[in-house]
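This document opens with one chain alone, in structure tokens, the form predicted on its own.
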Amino acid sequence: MSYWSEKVSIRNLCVPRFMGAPLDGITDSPFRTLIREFSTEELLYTEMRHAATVAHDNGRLKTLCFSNTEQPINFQLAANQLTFIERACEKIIAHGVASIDLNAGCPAKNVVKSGSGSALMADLPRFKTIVTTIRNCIPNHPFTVKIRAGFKTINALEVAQMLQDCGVDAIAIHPRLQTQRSEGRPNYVLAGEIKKILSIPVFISGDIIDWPTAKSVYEQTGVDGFLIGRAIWSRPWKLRELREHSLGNPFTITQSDMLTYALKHLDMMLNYYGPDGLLRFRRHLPFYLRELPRASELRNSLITNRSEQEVKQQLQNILPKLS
């Protein structure tokens, strides 16, 4: 059996090598449900949520709103202290997720300022304490951690070894510094070095946009799996596309298909969020439209429109032309 047809094991969880990375405001419940129409087995990360938010959520924030259809789910947690971790883990596990992930890679200023995300990589004693606490709270569940190359300086090798020693079941690395955000070339050499020193699975995140890219990155690093982030934005079929192409199978999506799924996605957002659904869907619209004729003109017209019915009608009017 080839590498690409094999699954990867995260403790007692076996999943395909391509996974849906966390994107704030994007990989919510409606989008994960849409992904499942194409990919039924792939691990899907939730949007990052702080432990305090999870611990205090009484259902209003929809932090823990997901259906069995969306499983297997890796719930991504952020933490900067120990206070809310135990309660948050209890609530997450009670909702039946497949695994829990700690985000130690987010470069966003507000997250870093709070001491969460990639800021943890600059404070290893605190980072280790948080990791150990989560591990003790979920001794029988898969536990993963997402990191960067480092905060201001590269220390991912040291961090990766520490995480394995603390009992983490797999790590994912975005091989850029916090200061780089998503700019510059990912440090694939570093990712390969981490893979060599660890016995647990190592996943890579960052700039994996298609099958040739994934194949090239694997050949450079030997990693065990791939977190697909920006490439999955408004592309619910992307994991299926990557898996099929990696197995040598054809897979295509027509412009008509894209628009059909855009309409379906809009309906799902409206059902899930109510009146806020259209506003949230606007983040997806440009990506659904970018390959269509006169995409810029369509985007400007649709994004400024505040009528759900008019947006739907405009999209529906385009479909016959594409067919």
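Numbering starts at 1 and follows the sequence shown. Since the structure is predicted, the reported quantities are computational estimates derived from the model, not experimental observations.
Just so you know, the form predicted together with a small molecule exists too; it's not on screen, but the next bit is about it.
The shortest heavy atom separation between residue 21 and the small molecule in the model of the complex is within 4.5 Å. Not displayed here, the small molecule is kept clear of residue 236 by more than 4.5 Å at the level of heavy atoms in the model of the complex.
When the small molecule is considered in the model of the complex, residue 86 lies well away from it, no heavy atom lying within 4.5 Å. At least one heavy atom of residue 103 is located within 4.5 Å of the small molecule in the model of the complex. For the three marked residues, 17, 36 and 42, no heavy atom of any sits within 4.5 Å of the small molecule in the model of the complex. Interface residue among 62, 283, 290, 56 relative to the small molecule in the model of the complex, by the heavy atom within 4.5 Å criterion: 283. Here is the short version: of 228, 131, 217, 98, the single residue with a heavy atom within 4.5 Å of the small molecule in the model of the complex is 228. The stretch in contact with the small molecule in the model of the complex, judged by heavy atoms within 4.5 Å, is 205-213, chosen from 239-247, 205-213, 123-131, 192-200.
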